[in-house]
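Take a look at this single chain in structure tokens; it is the form predicted on its own.
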Amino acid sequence: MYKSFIALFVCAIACTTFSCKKEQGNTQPNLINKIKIGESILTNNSKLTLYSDKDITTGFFKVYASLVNSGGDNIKNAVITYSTLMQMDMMAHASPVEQPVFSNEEKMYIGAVVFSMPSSPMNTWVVKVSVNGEEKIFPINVPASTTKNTGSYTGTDGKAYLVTIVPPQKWQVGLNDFEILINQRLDMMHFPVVENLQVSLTTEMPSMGHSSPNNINPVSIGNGHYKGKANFTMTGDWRLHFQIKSNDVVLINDAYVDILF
């Protein structure tokens, strides 16, 4: 009986140790296919690291925030917010952001940023990240994209709007799910999302002079996002044209983005 008790005790200790190690391992951020864009140490010695899925250019980008303590374990109950600022020669402006939410799958906080224009020697971007009230600033170099991913338009109501493509992971021949994000520019620092619009889609292949059939108009899925489907009949350069209405009145006749794959 004594030997049986010792065996059970050892087994319990082993199981507890294994569980702790397994649980600790599961707290590590998922960094597969992520690109580091900056890191900083907070006053409590935790480390804040920012990642993206691909190299930053102009347009919409998910921004992942990894927050780990000095032991390397993930912190998932922090209050984190994003903001942007482009400092220009004589002025400054922000851009649309989506505030991060902790993802149990990625083990990181996931938000998004729209870089509305490229960096230059006189025009520089930063992403500001507040963690429980402590702000860290990350300089971000934003080269121009090879295609038009975002554009500013003046609506028939006299207001300024920003229309941005939220592309899938990869474009392909055939039917592609995609989203656009629509923001209103209230001023140089505030870009609230716009809901309850009606969006019509037409496609164009400028180099070949034709369109494509079976596209599906984007519809609102919340938070300023509108989801649709674009059908590409071949690889090459494509342009997505959007007519945007509010209460069936044309707001923007032709907002467009370009795609090349």
Partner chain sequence: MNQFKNIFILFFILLPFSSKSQADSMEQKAGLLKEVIVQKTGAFKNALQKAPSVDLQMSTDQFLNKIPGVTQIKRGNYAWEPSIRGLNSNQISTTIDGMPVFGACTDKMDPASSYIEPNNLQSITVSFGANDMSYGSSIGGGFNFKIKQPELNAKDKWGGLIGGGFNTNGNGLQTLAGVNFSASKFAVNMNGIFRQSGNYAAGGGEKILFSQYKKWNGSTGIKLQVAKNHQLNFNYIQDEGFDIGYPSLLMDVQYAKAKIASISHIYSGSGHLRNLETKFFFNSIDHAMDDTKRPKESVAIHMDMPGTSFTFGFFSNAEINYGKHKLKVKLNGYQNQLHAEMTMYPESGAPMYMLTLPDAQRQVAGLDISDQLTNGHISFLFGGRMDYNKSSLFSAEGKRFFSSVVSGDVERKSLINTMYINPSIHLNNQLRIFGGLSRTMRAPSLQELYAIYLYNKLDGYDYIGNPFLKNESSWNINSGINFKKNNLKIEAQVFGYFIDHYIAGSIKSAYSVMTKGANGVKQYVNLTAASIKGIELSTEIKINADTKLSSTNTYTLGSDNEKRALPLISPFKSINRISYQFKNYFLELEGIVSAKQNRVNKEFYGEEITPGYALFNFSVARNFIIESHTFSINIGIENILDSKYYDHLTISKIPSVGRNFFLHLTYKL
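Numbering follows the first chain given and starts at 1. In this text the structure is predicted, and so the values were computed from the model without any measurement.
Although not depicted, the form predicted in complex with the partner chain is the subject of the following passage.
Taking 4.5 Å between heavy atoms as the contact cutoff, choose which of 211, 217, 49, 46 touches the partner chain in the model of the complex. None of the others qualify; the residue that does is 211.
The partner chain isn't shown here, but in the model of the complex which of 156, 172, 130, 120 has a heavy atom within 4.5 Å of it? Filtering the options by heavy-atom distance leaves 172.
Is residue 56 close enough to touch the partner chain in the model of the complex, meaning at least one heavy atom pair within 4.5 Å? Contact check for residue 56: no, nothing within 4.5 Å of the partner chain in the model of the complex.
Is residue 202 close to the partner chain in the model of the complex, meaning a heavy atom pair under 4.5 Å apart or at it? Outside the cut-off, so no.
Is there a heavy atom of residue 198 no more than 4.5 Å from a heavy atom of the partner chain in the model of the complex? Outside the cut-off, so no.
Non-hydrogen atom contact residue 235 with the partner chain in the model of the complex at 4.5 angstroms: Because a heavy atom of residue 235 falls inside 4.5 Å of the partner chain in the model of the complex, the answer is yes.
Segment assignment from 36 to 44, 227 to 235, 60 to 68, 190 to 198: heavy atom within 4.5 Å of the partner chain in the model of the complex: In the other structure, the partner sits against 227 to 235.
Contact set, 238 to 261 vs the partner chain in the model of the complex - heavy atom within 4.5 angstroms: The one in contact is 260.
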